[in-house]
Each structure stands twice: as C-alpha cells, then as structure tokens.
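The chain below stands alone and is given in structure tokens; this is the form predicted on its own.
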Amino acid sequence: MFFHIVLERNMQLHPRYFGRNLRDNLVAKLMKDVEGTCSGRHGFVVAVTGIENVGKGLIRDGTGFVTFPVKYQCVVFRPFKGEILEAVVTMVNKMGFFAEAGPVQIFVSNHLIPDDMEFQSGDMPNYTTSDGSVKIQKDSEVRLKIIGTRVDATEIFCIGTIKDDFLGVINDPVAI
C-alpha cells in the first residue's frame, strides 16, 4: 500500500555546494540519497514530493561540512498482511516461485499454490494445471495475497498465496 508521509533527515553538504543554489543542491542530494531506499519502519521510499522545512545548518568541526535538518514529504510503499497485489514472476522452482511487485520480492510456496497445479521442470520450469489451461512461469503476471511479512532494517520480505478466490495468473506472456 502507498502512503504519503512526512520524514526528517539530517543532510551533510560539502562547502563547495554553498552559494545561491544551496537549497537546490540540498534537495538534489536528498532525492539521490533517499529515493529507492527502504526503511523497515516506513517501507520503500518511492519519491520525494516536497520539502517542508530546511533547518539551520550546523558546521562540523574539522571538516567544513554542514549538517542541515530537512523535513520532507514522500510517497512510501509498504506491503501489509492480507493485502492483494499484482506481481511479475521472476523465478520458478519445485519449492514455489518468486515474484516482484515493485521493489518488494514475494515468495509463494508450492503449498500455497492450488492443488491442481503441478510443477513441470525443463528449460522453462513452470506450474501447470492438469488440463494445461493455466501456466505460471517466468514473466507471468499473478494476483496474490500477502500472508506474511518480515521486516529487516533495510529490507522487507513477503510470503504470498494464490490459493484463494480470484487469485492466480492474470496475464500469461506466452499467450500474447
């Protein structure tokens, strides 16, 4: 799920960036440092949408660097247990498959795949129904439900299922 939140960060800036473009340089450095990162508490930072406040800088002794407290608005992505997501399958093996929904990687165990789907090994490993009408393989798009998350300091891992109503393959790359 996406949220629009306000975060704070202390930014260090080298003296060469001081001048009339100080604020622009600070904002550019903030975007470069923050966008695409993950904090376990808030989730993945997708984009910085605005700067609320840049505090007074504090000169660091001996280096000349200045630390500015910056309060900024950003869009974050944090998956929750019970959330339904659409994801792209990245790898299939006999244990299940991995899929990506934006920056988050989701594992779906073979126990959480419908019973009528069997693993087929070969040059393109996949899970196929007994009649062959539905196939989950690399680059397939699936709709899945998150049943568990594990949050580390810099990463979020998810476990998902497609063993529920209205879940499963939504787009097969071979059928196109």
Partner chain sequence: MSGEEEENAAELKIGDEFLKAKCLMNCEVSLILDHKYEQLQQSSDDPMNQVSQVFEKSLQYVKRFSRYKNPDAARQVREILARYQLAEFELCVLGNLCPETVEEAIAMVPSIKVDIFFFSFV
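What you are looking at is a predicted structure, and each value in this text was computed from that prediction instead of being measured. Residue numbers count along the first chain shown, from 1.
Keep in mind that the form predicted together with the partner chain is missing from the display, and what follows is about it.
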query: Thinking of Ile59, Phe65 and Asp152 as one candidate spot, does the partner chain come within 4.5 Å of a heavy atom in every one of them in the predicted complex?
result: no
message: Can you work out whether Ser121 and the partner chain are in contact in the predicted complex, taking contact to mean some heavy atom pair no more than 4.5 Å apart?
response: no
message: Please tell me whether any heavy atom belonging to Asp139 falls inside 4.5 Å of a heavy atom of the partner chain, as the geometry stands in the predicted complex.
response: yes
is_contact(Asp33, the partner chain) in the predicted complex, heavy atom dist at most 4.5 Å: no
query: Hey, in the predicted complex, is Val48 touching the partner chain, heavy atoms inside 4.5 Å?
result: yes
message: So if I measure heavy atom distances to the partner chain in the predicted complex, which of the stretches 110-118, 127-135, 36-44, 51-59 falls within 4.5 Å?
response: 36-44
- request: Select from 73-103 the residues with a non-hydrogen atom within 4.5 Å of the partner chain in the predicted complex and write them out in sequence order.
  value: Val75, Val76, Arg78, Pro79, Phe80, Lys81, Gly82, Glu83, Ile84, Leu85, Glu86, Ala87, Val88, Glu100, Ala101, Gly102, Pro103
